[in-house]
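Below sits a lone chain in structure tokens, taken as the form predicted alone.
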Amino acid sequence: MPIGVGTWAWGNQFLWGYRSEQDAALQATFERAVQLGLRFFDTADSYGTGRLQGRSEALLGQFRSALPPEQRDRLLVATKLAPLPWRLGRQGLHRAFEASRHRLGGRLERVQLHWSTARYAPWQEGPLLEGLADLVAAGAVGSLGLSNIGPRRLRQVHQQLSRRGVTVASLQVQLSLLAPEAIAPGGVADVCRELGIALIAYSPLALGLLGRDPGAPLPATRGARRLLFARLQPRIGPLQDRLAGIARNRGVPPAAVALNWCRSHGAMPIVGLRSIAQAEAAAAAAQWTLDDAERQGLDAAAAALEVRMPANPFSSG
């Protein structure tokens, strides 16, 4: 099971404190990740805060275009399109798709619906999915993926698209030791295995919390991420101790253990990278796997916690 790269932080000021002065470091990080064999890069048309909306796609497209052709052609770049209230009908995402593809340098291998509208506007989702399937059928993009969709809705969408011969290539959900719901019996992980859909784990480090030392200071940037860490970190000590113990035995950082927990459950984690050191650590984490005893110990430690990451409010059942 490979490890992919998420680019949410590229342009996001609210949670990640992005500044344009970071772009050179982000490009160096991207180039090192590619050099080390990381191939899957995930972004979204809504990544970027305010006037920086779409910044992640633009940077990824710029960085990819600068690669030698033999490296550029090996990448799988996927973006997510947001089903915003004004994006309606079968062609409701087509303009957004063209804008994303332009920002990505004219190359896009997979388009994904960013979240389900089944909970609040069920009539909106079906036509949007048909429109994305139209793009795949026309050869405008190689494959179609989903995000933030639960097991019942996943079966419905799979059936809808199968009728016209379009495959659901992947499903992205929040999955980490602090958000293990996807791997519960009957959850989306089981449905993905049954239907042959690749499962992608976003936020596999719980916004970075699972890669930190228990006594580390809170993030310097004030905001939602700092508040979340302040609430969760004092209450996950046993899990962090378990992570640290496996990490010491293997001679790896705790983040590598948390990523491998996702891999051990059949999911490809997409980890946010903002430095060369992080790229090297992510690539190294893909070179080994947890044994059964390690995985089961982490499963038990996660199940015993009384706190969890907040659920995505847009995820369907």
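All values derive from a computational prediction rather than experimental measurement. A residue's number is simply how far along the shown sequence it sits, counting from 1.
What comes next is about the form predicted in complex with a small molecule, which does not appear here.
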Q. Is L205 close to the small molecule in the predicted complex, meaning a heavy atom pair under 4.5 Å apart or at it?
A. yes
Q) Could you tell me if G211 has a non-hydrogen atom within 4.5 Å of the small molecule in the predicted complex? A) yes
Q) Is R250 one of the residues lying within 4.5 Å of the small molecule in the predicted complex, judged by heavy atom distances? A) no
Q) With the partner left out of view, is Q172 within 4.5 angstroms of the small molecule in the predicted complex by any non-hydrogen atom? A) yes
Q: Go through 260-268, 286-294, 61-69, 41-49 and give me the stretch that gets within 4.5 Å of the small molecule in the predicted complex, heavy atoms only.
A: 41-49
Q | R225, R107, H94, R110 - the one with a heavy atom within 4.5 Å of the small molecule in the predicted complex | A | R225
Q.
Can you confirm whether K80, L273 and A281, the three residues that make up this candidate site, all sit within 4.5 Å of the small molecule in the predicted complex, judged by heavy atoms?
A. yes
